[in-house]
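The data below hold one chain only, encoded as structure tokens and taken in the form predicted on its own.
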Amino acid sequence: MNAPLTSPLAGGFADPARDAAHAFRAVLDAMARPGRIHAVSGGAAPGLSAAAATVLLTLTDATTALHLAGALDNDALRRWIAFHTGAPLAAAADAGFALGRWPDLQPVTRFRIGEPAFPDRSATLIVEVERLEPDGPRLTGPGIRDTARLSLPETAAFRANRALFPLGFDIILTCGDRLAALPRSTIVEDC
């Protein structure tokens, strides 16, 4: 986690165009290659990893409703988000993005999974995890040559999410300065 910020004005990208482009490329590559871990930097927000802050700076703005879960729903982070991204805060069922630790995001069935005609109208969950390593459950599916492995907080919810495909939510896992993604198309199997 980052050191406490003394002002909600601090913690943005030093070079917004370049930093956002690099971060967007990392998120895009993570979604295209599930299980691959990417280093990102540039963001610093109260109580968040550098990766989570960077994802917020890159993917949220005044048109993307954001849900904060658990201890991350606090005044310091709300002020930081208001200044840096302008993302409106929303209830879980109305959010395009949700941020929290895995236990605080439960039950994940409350998040949008899209509609048959518009599967893209689903939520992306940004999950802060204590550990992000290339081990754990086996991942297969689009973007994965053979198999990949990724430390996940559980497997049942991800298997249930995959069963909804093409509906379902997408996941970005963040830890320190690293992130990985688990799109709804990924098949998750216990080892």
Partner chain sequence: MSAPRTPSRAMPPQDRAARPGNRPDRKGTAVSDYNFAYLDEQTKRMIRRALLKALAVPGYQVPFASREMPMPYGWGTGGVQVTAACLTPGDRLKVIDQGADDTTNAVSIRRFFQRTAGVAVTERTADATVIQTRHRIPEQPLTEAQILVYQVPIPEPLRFLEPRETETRKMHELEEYGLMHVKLYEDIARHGEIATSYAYPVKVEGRYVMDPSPIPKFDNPKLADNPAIQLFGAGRESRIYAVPPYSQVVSLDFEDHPFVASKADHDCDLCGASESYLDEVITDDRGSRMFVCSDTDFCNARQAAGHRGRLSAQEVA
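Residue numbers count along the first chain shown, from 1. Just so it is clear, the structure is predicted and the values come from calculations on it, not from any experiment.
There is another form of the same protein, the form predicted in complex with the partner chain; it is not shown, and what comes next is about it.
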One stretch from 42-50, 153-161, 131-139, 57-65 that, in the model of the complex, holds residues within 4.5 Å of the partner chain by heavy atom: 57-65
I need to confirm a contact call. Of 127, 27, 69, 148, which residue comes within 4.5 Å of the partner chain in the model of the complex, counting heavy atoms only? 27
Would you please decide whether residue 177 lies within 4.5 angstroms of the partner chain in the model of the complex, comparing each non-hydrogen atom pair? no
I'd like to know if residue 37 sits close to the partner chain in the model of the complex, meaning any non-hydrogen atom pair within 4.5 angstroms. no
Does residue 116 make contact with the partner chain in the model of the complex, using a 4.5 Å heavy atom cut-off? yes
According to a 4.5 angstroms non-hydrogen atom cut-off, is residue 85 in contact with the partner chain in the model of the complex? yes
Which residues in 11-38 have a heavy atom within 4.5 Å of the partner chain in the model of the complex? 16, 17, 18, 20, 21, 22, 24, 25, 27, 28, 29, 31, 32, 33, 36
